[in-house]
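Same chain, two forms, each on its own as C-alpha cells: structure 1, then structure 2.
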Structure 1
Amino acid sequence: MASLDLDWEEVREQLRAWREDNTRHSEEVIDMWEYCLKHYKHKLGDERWMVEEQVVVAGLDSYRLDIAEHSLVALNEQFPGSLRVRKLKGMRLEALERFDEAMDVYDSIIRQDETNSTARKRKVAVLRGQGRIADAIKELTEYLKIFMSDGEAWQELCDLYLKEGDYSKAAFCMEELILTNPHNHLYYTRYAEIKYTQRRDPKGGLDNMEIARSYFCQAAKLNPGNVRALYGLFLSCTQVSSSTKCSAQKKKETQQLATWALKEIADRYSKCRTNAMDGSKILETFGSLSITEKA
C-alpha cells in the first residue's frame, strides 16, 4: 500500500478526526497503523493509548485479530485492571464467538460499575447477534431504566419490538423519541408507519390510520422534501376515505389531502425525472395504488 509514504503526523491527525467524529473507518485505520503510525508510536505521547484502542476496535471489525491482540496487550500492560480495557477483551471474545465468556466479562464490569453504559450495550449486541430477541429486549429495557435519555437505545428497542411483531410497544418507543426531539421529521414518519401497519387491528384500525395520517402530515410539514412521508400521507388518506365509518365531510377533506400529497410527490419526481419514469407516470402509478388499497 502507498501509505508507506504517508507523513505520520498527517496520519495521526486523520485518526484523531475520526475519533472526534465517532466514525470507525476500520480498514483505513488498520492500513494507516500497520504501514505507518506503529513505527512512530513512541512520538505520540499519551495519545498513543487512544490510538491503540482505536486500532483494537478496527482490528476486531476487520477480523485482523493479530493486530488487535498486539495493541490489546500493550493497553493491558499500561492500564492493568482498567474497565475500558476489560470491555475490549470482551469484544475480542465476541469476535472469537466465545459469547458466554464475553457476557461474563460484561457482567463483571457491570457489577463493578452499574452505570457502565457500554458494557450493557455490548450485552444487548451479543444477545441480538445470537437471535435471542426477547432477552435482548429485557436487557435493553433494564438499560433504559437507567439511561432514559439515550435516543439510540430507544430506536434499538423499537427495532427489536418490530422484529417480535409487537407494534404497540414499538410505537411507544417512537413516542418517547418524539417527546425528546419534537422537530425530527424522521421520528414522526416512522411512528406513522408503525400506526399504518396497525391498520388491520379490528379494534382500532380506523383510529390507527387517522393517527398515521396525522403524523405523516406533521412529518411533511417539518420537512417538505420527505417523499416517504408524502407517500404515507397519500396511502393513509386513501385508507381513511375508503372506510365505511368515515363521514362524508371527513371523506371530502381526506380526499383533498390525498390529492395534494399526490401532486407534491409528482412535482418532486418531475424535477428529477429519468427516462424510465416521469411526473405523469408517477401520477398514474400512485393513482392505481389508491384503487388497490383496501380498508
Structure 2
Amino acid sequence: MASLDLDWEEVREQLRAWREDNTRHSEEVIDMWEYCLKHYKHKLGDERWMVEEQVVVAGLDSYRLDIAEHSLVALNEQFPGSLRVRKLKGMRLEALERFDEAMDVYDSIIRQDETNSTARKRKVAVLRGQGRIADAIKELTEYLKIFMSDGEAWQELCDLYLKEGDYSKAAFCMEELILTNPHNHLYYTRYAEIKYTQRRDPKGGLDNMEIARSYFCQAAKLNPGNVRALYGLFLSCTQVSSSTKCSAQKKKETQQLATWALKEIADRYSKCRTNAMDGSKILETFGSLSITEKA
C-alpha cells in the first residue's frame, strides 16, 4: 500500500489533512507511520506529538497494539501526568477489553478535572463497547444535560436510539442537529430516512411520510448531487401518492415530483455512464422499486 519512497513531507501533509478532516483511515495511518514517518519523527518538530496521538488511536483501531504501545510510551515520557495521555491509556484498556479498569481510569480523570468532557464521552464508548446500549443511552443523556451543544454527542445519541429501534427519540436528536447546522444536507437526509421508517407508526403514518418527503426535497435543494435524497424523494412520493388518505390534487402534485426525481437520477447516472452500463435499463428497474410487506 504505502511505498517506501514516499516523500515524508507529503506523508505529513496527508496525516494532517486526515486529522483536520475527521476521517477514519486507521490502516493507512499505521502503514504510513510504519514504513515512512517513523524514521523521520525527529524532523516533525511540535507536530510530532499530534501525529503520535493519531498513531496511538489508529493502532488501537486496527489492533496493532505493539505500535500503539510504543507511541504511548513516547507520549508518556514527554507529557508525564497529562490527562490527555491518561485518556489514551484508558482507550488502550478498552481495546484490550479490560472495561472495568478503563472505567476506573476515566472516573479518576473526571475526579481530577470536572470539566473534562472527553473522559465522560469515553465512558459512554466503554458501555457501548460492552454492548450495554441502554446504560450508554442513560450515561449520554446525563452528559448532554451538562454539555448541551455538543454536536457529536447528539449524533452518537441518535445512533444509539436507532440501535434500540426508538425512532421517535432518534428523530428528536436529529432535529437538534439540524437546528445547529441548518445547511448540512446530510442531516436532512438522515432525518427524512428516520421519518420514512416511522411510516408504520399508528399515530401519524402518512404525516411522517409527508414530512420525509419535504425533508428529502430540502436535502436535494441544498445539494443537487445527493442521489440518496433523490431516491428517497422518489420513494416517499410514490408512497404518499399511493396512500388512500391522499386527495386527488395532492396525488397529482406528488406524482409530478416523483417523475422529476426519477429524471434527475437518470441524468446523474447518464453523466457517469460507461459503455458497460446501459442507462435505459435503470428506468425499467425503477418500476420494480417499491416497498412491500414481505421483507
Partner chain sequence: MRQSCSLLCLNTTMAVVWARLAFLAGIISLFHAGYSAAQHRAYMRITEQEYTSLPTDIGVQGLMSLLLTMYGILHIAGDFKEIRANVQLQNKSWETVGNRPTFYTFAHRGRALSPNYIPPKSKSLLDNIENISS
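Rigid core: the largest C-alpha set superposing within 1.5 Å between the two forms. Please read all numbers here as calculations on a predicted model, not as lab measurements. Just so we're on the same page, residue numbers count up from 1 along structure 1's sequence.
It is structure 2 that shows the chain in the form predicted in complex with the partner chain.
Residue 81: CA moves 2 Å or more between structures 1 and 2 after rigid-core fitting. Residue 262 is not among the residues whose C-alpha shifts by 2 Å or more between structures 1 and 2 once the rigid core is aligned; its shift stays under 2 Å. Between-form comparison between structures 1 and 2 gives a rotation of 16° for the smaller rigid part, taken against the larger part from C-alpha superpositions. Superposed on the core, the two forms differ at residue 24, whose C-alpha moves 7.9 Å between structures 1 and 2. CA movement of residue 36 between structures 1 and 2 equals 9.2 Å, with the two forms superposed on the rigid core.
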